[in-house]
Structures are given as structure tokens and as C-alpha cells.
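Take a look at this one chain, the form predicted alone, written out in C-alpha cells.
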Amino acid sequence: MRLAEQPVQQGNSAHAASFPLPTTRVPQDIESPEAFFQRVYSRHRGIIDENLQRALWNAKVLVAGAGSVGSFHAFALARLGVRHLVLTDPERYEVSNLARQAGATLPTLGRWKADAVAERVLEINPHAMLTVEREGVDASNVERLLDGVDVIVDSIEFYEFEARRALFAAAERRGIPLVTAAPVGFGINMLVFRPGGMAFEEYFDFASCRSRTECLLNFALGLSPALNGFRDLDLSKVSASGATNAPSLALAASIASGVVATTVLRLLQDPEQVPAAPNYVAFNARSCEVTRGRLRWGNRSPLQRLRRRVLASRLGK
């Protein structure tokens, strides 16, 4: 065996300047990228044909956020065969992350989340080509981070509203499809934004918001239009403003990662066949319910505005 090369690019920020990588020993029969590709993904044959597997291998995916759901996304995409990943997160792992975040372990406590996830990805695929940004995504770096990206996976913390708006706006300008899947309770709520679908700002009707809190309410409501995603939540434990962290389960994030990785595959194969916003889908593992719908006017519909008032009252806002 030989030591693997470590093909990782770092963000331009000071926080990314000293990113350490583990030394990984690679068996001789998978030393080359092509040998790795043929040997490791052979079990996908019969489900994913080689042309699509090759497309996954050559694709570049931005995973914006490496925390609760983002770490699950990164590992699922790496095991699916995506070689080029851009990983971002501005936080370090804490004890409270151990129950919910795939990258959180005792050895990673106190470490940058993006670093820890990148190391695990390289342990899955030592030939992975990674870009790591410890400052997360914001208006100052989003254009650079999106260079060459084929698909975006939104894993940004729910309350980081300004970062999410910057990411979605840049994705729309560049025509890059974006998947967002929120783990809520025992399930997920997913939306896809791509050329030909409704724009992010229009779907969530942020123009009608008079405050940041109202924008967050609109975001939550647009993710779960019928409020079905909130059935498992004790809303007294949820803050509309971000004063307290929202409750979450690792099992929901795990479900989201499988659905999102499959959606990334579909977007690379035939994006026009992937329903885009205002279409939405939700799945609750506890009740085994799948909800699909089309919110024709987004949050601008009278029913959605009524639901926003109901949600706001239940949150005490």
C-alpha cells in the first residue's frame, strides 16, 4: 500500500489556511482513481449504469453546511460516487451535536465541521477532490464557491436566512439546480429550485415580510405547505426568531440524505424530469405518509397566508 495523495483545495479565508488532512493508506488495487471507480462502484451496476455513474464521478456538488443534515449529505454523495465536493460550514462540533450530526464524534469535538467531514469523505474515497470553506457561504464568497458546480445541496442552518438568500440568488443567476430538504420531526420536506421552476424569492413570498422573523415563518411554511411537517413537534420548543435551536433528529437527516442524493443523481441524468418548485414533496417515517403537491402561487396564496397566521400564533409570534 502507498500513502494517498490529498487533493483538497482550501477556501481563501484565513480560517481555511491551515486545514489538516489525515494520511490514508490505500490498498494497491485501488491506488489509481480509475481502479477505485471500477472496483468500489461495481455493486451499483444493475441499478446505475456506467454512464450515469461516470457522470456522478465527474460532477461537482456544493454541500452548503456540514452540520446536522449536511454531514449526512456529504457522506451519502461520496458513497454514491460524487468525487468533487465543495464543503462549507462556519462552526465547530459541540457535545450537543453527538446525537444528531453524522460527523460528530468524541474525537471531532471542537473541530471545524467542514474539516471533520472532509476527512471522513477522504476515508471513503481517497481520490475525492474537495474544496473546504470554514467561513460558510455568504455574499462575499458564494460566486467563488459556485465555480464549476453542477448541483447545490442546501444544508444551511435554518436560521441563517441571509446566507441562504445569497446562495439561492447566486444559484438562480447561474442556472444551477438546487435541492433543499429540511429534516422536520420524523420526516423531511423537500423542494428543488432549477431553471424552468418558480424562483426562491417568489415561492416563499419574502417580499411580503415586514421582519426577519416573518421571513423565517414564510420559509418554514413554504417547506411544509400543509403544516404536516410540524405534527411531530412541540412548537413551544421552537423559536421563530432563532433565540433557541430547533429540535431535530439524526434519523430524519439520514432519510433526507438518501432522498437528496437520489435527487442529485436525477438532476445530473435528466433535470427536466425532476419536479421543481412550486412542486414539493414530504415524507414522514413515523406515519409512513408521503405528501406531494403543487403550491401554484407559493406562499402568496390566501390559504398559505392563513396558515402563516396559524403557525405564528402557535409559535407565540
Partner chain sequence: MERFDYDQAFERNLGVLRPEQQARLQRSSVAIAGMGGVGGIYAQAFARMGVGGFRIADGDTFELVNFNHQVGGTMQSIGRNKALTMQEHIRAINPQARISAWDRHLDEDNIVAFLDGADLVIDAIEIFAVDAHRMLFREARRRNQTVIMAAPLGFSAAVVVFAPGGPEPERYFGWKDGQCEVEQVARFAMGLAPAHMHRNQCDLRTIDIEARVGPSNFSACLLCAGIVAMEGARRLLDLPGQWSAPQYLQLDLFTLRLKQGRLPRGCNGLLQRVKRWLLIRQYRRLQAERQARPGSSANRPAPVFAPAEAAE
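Positions refer to the first chain, counted from 1. Note that this is a predicted model, so its numbers are computed, not measured.
Below, we turn to the form predicted in complex with its partner chain, even though it does not appear here.
- Proximity to its partner chain in the predicted complex, taken as a non-hydrogen atom within 4.5 angstroms, holds for one residue of R144, R212, R173, R79, which is R79.
- With the partner removed from view, the residue among P177, P225, G136, G185 that has a non-hydrogen atom within 4.5 Å of its partner chain in the predicted complex turns out to be G185.
- Note on the interface: of 164-172, 213-221, 194-202, 114-122, the segment with non-hydrogen atoms within 4.5 angstroms of its partner chain in the predicted complex is 114-122.
- Candidate site formed by P107, L251 and E289: every one of these residues places a non-hydrogen atom within 4.5 angstroms of its partner chain in the predicted complex.
- Within this chain, M190 lines the site of its partner chain in the predicted complex, having a heavy atom no more than 4.5 Å away.
- Residue contact with its partner chain in the predicted complex: T131 places no heavy atom within 4.5 Å of it.
- Proximity of T262 to its partner chain in the predicted complex falls within the 4.5 Å heavy atom cutoff.
- Contact annotation for L233: at least one heavy atom lies within 4.5 Å of its partner chain in the predicted complex.
- In the predicted complex, its partner chain lies within 4.5 angstroms of at least one heavy atom of each of the following residues of 45-66: R45, G46, I47, I48, E50, Q53, R54, in sequence order.
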